[in-house]
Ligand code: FUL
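There is one chain below, alone, in structure tokens, taken in the form predicted alone.
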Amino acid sequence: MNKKLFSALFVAALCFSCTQKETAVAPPEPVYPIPQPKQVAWQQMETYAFIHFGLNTFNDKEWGYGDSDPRTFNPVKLNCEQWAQTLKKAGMKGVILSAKHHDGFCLWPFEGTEYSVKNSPWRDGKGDLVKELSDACRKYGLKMGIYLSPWDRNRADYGTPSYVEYYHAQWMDLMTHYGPLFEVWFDGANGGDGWYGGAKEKRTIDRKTYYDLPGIFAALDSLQPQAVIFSDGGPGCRWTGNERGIASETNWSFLRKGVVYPGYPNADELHTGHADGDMWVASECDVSIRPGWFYHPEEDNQVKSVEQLVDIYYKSVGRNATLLLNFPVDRDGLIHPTDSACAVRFHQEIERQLSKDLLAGIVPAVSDERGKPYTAEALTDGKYDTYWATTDSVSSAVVEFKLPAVTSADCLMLQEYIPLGQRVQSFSVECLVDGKWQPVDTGGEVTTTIGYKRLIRFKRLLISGLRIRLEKARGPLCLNNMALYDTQAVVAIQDCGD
């Protein structure tokens, strides 16, 4: 190649590059509040497990009084690798262990108390369940979390300043000796009747100030910077307001700072979040696979069915929340085979139902587009970090898909690009049936917020087109994925009892 030709090509390439830079538009500004990166990563986990296990398991209790004998704790077949393998097969991305429940019994040999596994016959008093589970999580690629009840019905000093020091010391021990944590869990049950070292009385505390939670949170931020903090009011994520695993159809990932505290009485606010909130505190849905949180033999035939678990998934993850599914480990120290079978088949059924995206690669027509790279192609490219956005002045739009052939469908998935905030306040869905647009039948489910993920199930239709009307938002629209499914296209997975 001669020098003149090379020079001409170089100049042309440079001009093309400059033109590309000039035509690329600026991204939309964030609409606050917005999540921290660790909160986005946490919500992308979608499903993870809870483990409730301890003296209650062996004494047939849900809330132990604090006076059960540690010698009754003896899970002779305990195998945390069985837990981890089961949870992995069930699609769980992590597990949160109840290291201490309200009865005060510690599943690790904490030096500050005698009320722990070190005074049980399990492992001849030399066991450490937190360590065993942490090791199993690392081996099988699960993330680890800790639940540590603030309330302690065993401690004689509960309600005094010395207990607060004890509780902080427990957290420091757990934060520094068991590896990285993805979530830490603070229960809203605080104070009431208990054994309290033999006092056998009722004690109350100021839930807003007693535990010095800001001091614990500061230590967590320093020692476990990737951990998301759960409590009624966050600051990392919040309780959804019930223990049925169901989020609100209208579900904002916001709370007003300083309003909610542990044991907050208004569950409806937790259910929907605060539309005018100034801090990002997304919703977590907790539910047990059995009626109880701890194992009870009489509940062996009351494990939630695959159908029930699938419905919970759509009403938790599918409503801008995460799903925390509890497994009550049995008295042998294993996840019961019925629980295991139901959980694994539940995961297989969700994968089956959402396996084929009917919109993949189809570029929709949109009523407004910000410009490259924030174009309609991003809605169906299957990537999380590419997104379609409207111009700054546009907070409503229509997205319309033409399908290559008439097909059956019954479920729509929408995702907002939450690193830039949650925006959509209302939307509607229509399908093209026999040449006419008609609204889908959602069975009464309202179409308001979207957030990280919204799954809308509707009456199965034969359609040739799909239209989403994004009717109202808190700013310019910013969505990264849309998908359409026919959840009945393949024979369903058998239930755990079949």
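Start at 1 and count along the sequence shown; that's the residue number. On a predicted model such as this, the values are computed, not experimentally measured, just so you know.
Absent from the display: the form predicted together with beta-L-fucopyranose (FUL). The rest refers to it.
Contact annotation for Y147: at least one heavy atom lies within 4.5 Å of beta-L-fucopyranose (FUL) in the model of the complex.
For Y452, no non-hydrogen atom is located within 4.5 Å of beta-L-fucopyranose (FUL) in the model of the complex, even though that partner is not displayed. At a distance threshold of 4.5 angstroms between non-hydrogen atoms, W63 is in contact with beta-L-fucopyranose (FUL) in the model of the complex. Heavy atoms of D187 reach within 4.5 Å of beta-L-fucopyranose (FUL) in the model of the complex, making it an interface residue. Shown here without its partner, the chain carries E29, R370 and Y417, none of which come within 4.5 Å of beta-L-fucopyranose (FUL) in the model of the complex through any heavy atom. D286 is the sole member of D410, D128, D286, D103 with a non-hydrogen atom within 4.5 Å of beta-L-fucopyranose (FUL) in the model of the complex. Though beta-L-fucopyranose (FUL) is absent from this view, in the model of the complex it lies within 4.5 Å of a heavy atom of just one residue from Y210, W195, W293, W252, which is W293. Of the stretches 47-55, 428-436, 463-471, 29-37, only 47-55 has residues with a heavy atom within 4.5 Å of beta-L-fucopyranose (FUL) in the model of the complex. Residues of 241-279 placing a heavy atom within 4.5 Å of beta-L-fucopyranose (FUL) in the model of the complex: E243 alone.
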